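The chain that follows stands alone, in the form predicted alone, written as structure tokens.
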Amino acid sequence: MTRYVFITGGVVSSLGKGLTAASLGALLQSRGYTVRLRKLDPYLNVDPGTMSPFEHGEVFVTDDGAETDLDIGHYERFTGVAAKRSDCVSSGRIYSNVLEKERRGEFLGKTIQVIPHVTNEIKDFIRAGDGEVDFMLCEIGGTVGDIEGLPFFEAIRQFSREREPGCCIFLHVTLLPYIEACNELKTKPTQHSVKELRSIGISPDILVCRSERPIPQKERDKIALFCNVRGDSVISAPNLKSIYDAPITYHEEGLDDAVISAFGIKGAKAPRLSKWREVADRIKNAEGEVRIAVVGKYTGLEDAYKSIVEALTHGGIANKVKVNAKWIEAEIFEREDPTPWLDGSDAILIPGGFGERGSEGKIKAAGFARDRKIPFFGICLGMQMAVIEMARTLVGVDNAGSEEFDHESGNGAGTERRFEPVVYHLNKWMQGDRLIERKPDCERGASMRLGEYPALLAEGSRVAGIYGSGRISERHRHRYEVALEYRSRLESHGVVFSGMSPDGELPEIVEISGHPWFIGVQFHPELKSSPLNPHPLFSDFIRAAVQQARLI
């Protein structure tokens, strides 16, 4: 029997529901249970794929090509369970499914309403995969009281009543603000949040209380009394130096014990947390540090590069060093010399992105790394900008550029083009044995090359040595690709196309022979990295940065 934990949030957003869910998943795994985590988001977008990174943070892509919320990345990093398309849903997707069914006549002429049709669709999503795992952890996005979230709260209320007793519990993440003037943690916002939740028929079994200060026993007792929960089910969630301290901290606060108790489980195994303690120890007791310059276009919001941030940390864990990332807006280099900004960096990374803004700055950063023999990692658009730089500088294609930028400016083919397209719009590719075709003017949503695809690595290449294999599989999210027609000219200058799609049509990896570490990849390796299993490319990139810093 699958047991369900529904995780909700109150008072304010950004309290860390996703981190709480991910940590609880890791703790239950450490006790020998199997888990799956899901996210139900109330926004009306069908998925986050068309949202600006400034609006919603990064888009996390699953193996099966779903564009999902960044919390799905937390789930994977903490549990190692690969997410599926069925693990993330929005109001937009739910309503779209309901309306498609109505158009097909599946409701037999009935009036379509939020209850029961929308709530039934949500419940169908929740129960998918029922019985496959011991625990299903379902996080409800947003904050209790938001009008957009009401159908989801009603759906989980109904779901809990339809299941057998003891099958579902509710965990509510809330805030205890500290008022400095009176030196007190205030419990009233938590009381009101629980009151709001109870007004729609849901009574929380466990409260996770975010606070900047330790919660005195007096306040814990008060919360338990006024919110009608057990005293040992009031869990403190203090600020942490590292998110990877969370599993151990939550265990010490009794979160997993409270969940086990709420379900009435007897004889549960004690958690085995040695691996998480080792991760926490490596972060706390780093043996040095490296400086990584990250040249991007969304650097004003760290969540836009959340998986990059964490993968760099994982590379540091693998090498027992602290990674200090210096975030640099690429547009700066379009008006200033990059030298003062990049000098002193032990390595340079250019992450993915879309659009022309900042592209010339990224090209300059790639050239700086190539000229100065500084370790360089280009991901997706970062790889494309590195290839454009080498086409201009090494091959002599002065107007080398990307079709993406011509399309963005409204220019077409022929004499109207501003750039010689070293990077072109990917209009067809193979997905297994199926041909996928896309036109430049197709709908934006879910129209890219998305999800996991294999690549073959050149024998003797740097990347083959890093992976320890000649065949890999990585996640993609892009609609532009490096043109093969420039391959021979680039290779004559030491550029190696070291990774290719199995049909030999699409470049997946380029590297430079004779450079300490210069690799560009078309995929997103950061999406498959975790603290317990750092991605080999990030581990080796940080190793190269350590060498650059002369720490070893």
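A residue's number is simply how far along the shown sequence it sits, counting from 1. Just so we're clear, the structure is a prediction, and the values are computed from it rather than from any experiment.
Although not depicted, the form predicted together with a small molecule is the subject of the following passage.
Interface residue remark: C380 is counted as part of the site for the small molecule in the model of the complex, having a heavy atom within 4.5 Å. Although the partner is absent from this view, K39 stays clear of the small molecule in the model of the complex, with no non-hydrogen atom inside 4.5 angstroms. Taking the partner from the other structure, the small molecule in the model of the complex has no heavy atom within 4.5 Å of any heavy atom of G141. Not displayed here, the small molecule is kept clear of Y467 by more than 4.5 Å at the level of heavy atoms in the model of the complex. Here the chain stands alone, but in the model of the complex its contact with the small molecule, taken as any heavy atom within 4.5 Å, falls in 350 to 358 among 350 to 358, 105 to 113, 285 to 293, 168 to 176.
Comment: the small molecule is not present in this chain, but in the model of the complex one of H251, R462, R479, R157 has a heavy atom within 4.5 Å of it, namely R479.
Think of it this way: in the model of the complex, the small molecule has a heavy atom of just one of D346, D245, E404, E310 within 4.5 Å, and the residue is E404.
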